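Just one chain follows, in the form predicted on its own, and it is written as C-alpha cells.
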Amino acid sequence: MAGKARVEVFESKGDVAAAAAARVAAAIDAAQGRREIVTLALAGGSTPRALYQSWAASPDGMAWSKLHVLFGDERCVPPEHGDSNYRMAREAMLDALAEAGHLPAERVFRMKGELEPRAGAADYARELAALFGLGAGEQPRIDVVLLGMGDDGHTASLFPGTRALDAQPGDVVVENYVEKLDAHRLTLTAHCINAAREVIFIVTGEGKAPALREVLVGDRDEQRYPSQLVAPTDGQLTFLVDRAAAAELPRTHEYITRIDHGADA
C-alpha cells in the first residue's frame, strides 16, 4: 500500500478535519463539472463527526447541487438508534443541510439497518444499481469514499477474519457478522470501495498508531488488517492522520508526502 497511498500528517484532529473538508470539497467541485450525479460515501463512527459538523456550520465551502450522499457501512439497528451511522450523520449535518436547502432528503441514501441483514444488504445494492445504472456484476464508481480505521485495522465494517473480506468481485454490499461485537453490520465491499475515484482515510488518536503502522508498512495480512484491502484500481488513495496516529510510522518514508505544523512523523 505504501507505494500507492498518499499520507498527510497534521498536528491535531481539528487540522485533519479541516484538511479532509478541503480535499473532499475540491473533489466534489471537480466532479460537478463532469457528471450529472456526484456521489460521496460517508464513514461512520466518531472520527468523522467534526468534519460533518464543519460542513453543517459552513456549507458554502461545498458544491451541493448534484451531490448524492451514500454510506460506507451501517450497524444493523433502526435509524433512530444511538448506534446508527445514519443517525450520527443526520444529527451532525444532514438535518441542517436539508433545512438550509443544500441537500434534500431524496439525495441521501441510507442503508436500512432495521431490515434483516441480508435483505438490508440486497436492498442497498439494488439502490446503488438503480442510482448508477449498473448491470449485473458491475461496481458503482463513487466519486469520494470516506473511511475511518479502527485500532484493530478494520475499515467500514470490514473486520478482521470476517466473511465480508472474502466477498466476490461482483459483490457491492454485503452483510457481515462480527463475532467479537456479536453484531451484524452492512458494508460496502472492498471491491466496491476500490472502484471509487478517490478514497480518503481519516485516522486520528494514539490508539490507532500500531494498526496504522501495520497497514502502511507492515507485512501483507489482509485478514488481520482489512484496511490493507483498500487499493483503488483507478483512483487516488489518501490517508489524513494526526501526529498521534502517525507516532509509530517510520520517520523517513517515501509515502509521507506532506507534514504540517511541524509534525515529524
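Don't overthink the numbering: it's just position in the shown sequence, from 1. If you're wondering where the values come from, they're calculated on a predicted model, not measured in any experiment.
Heads up, the form predicted together with a small molecule isn't pictured, but that's what we're talking about next.
The shortest heavy atom separation between D73 and the small molecule in the predicted complex is within 4.5 Å. The closest heavy atom approach of S58 to the small molecule in the predicted complex falls outside 4.5 Å. Shown alone here, P226 lies farther than 4.5 Å from the small molecule in the predicted complex, counting heavy atoms only. Residue contact check for M93: none of its heavy atoms lie within 4.5 Å of the small molecule in the predicted complex. The partner is not drawn, yet in the predicted complex one stretch among 141-149, 162-170, 94-102, 113-121 has residues with heavy atoms inside 4.5 Å of the small molecule: 141-149.
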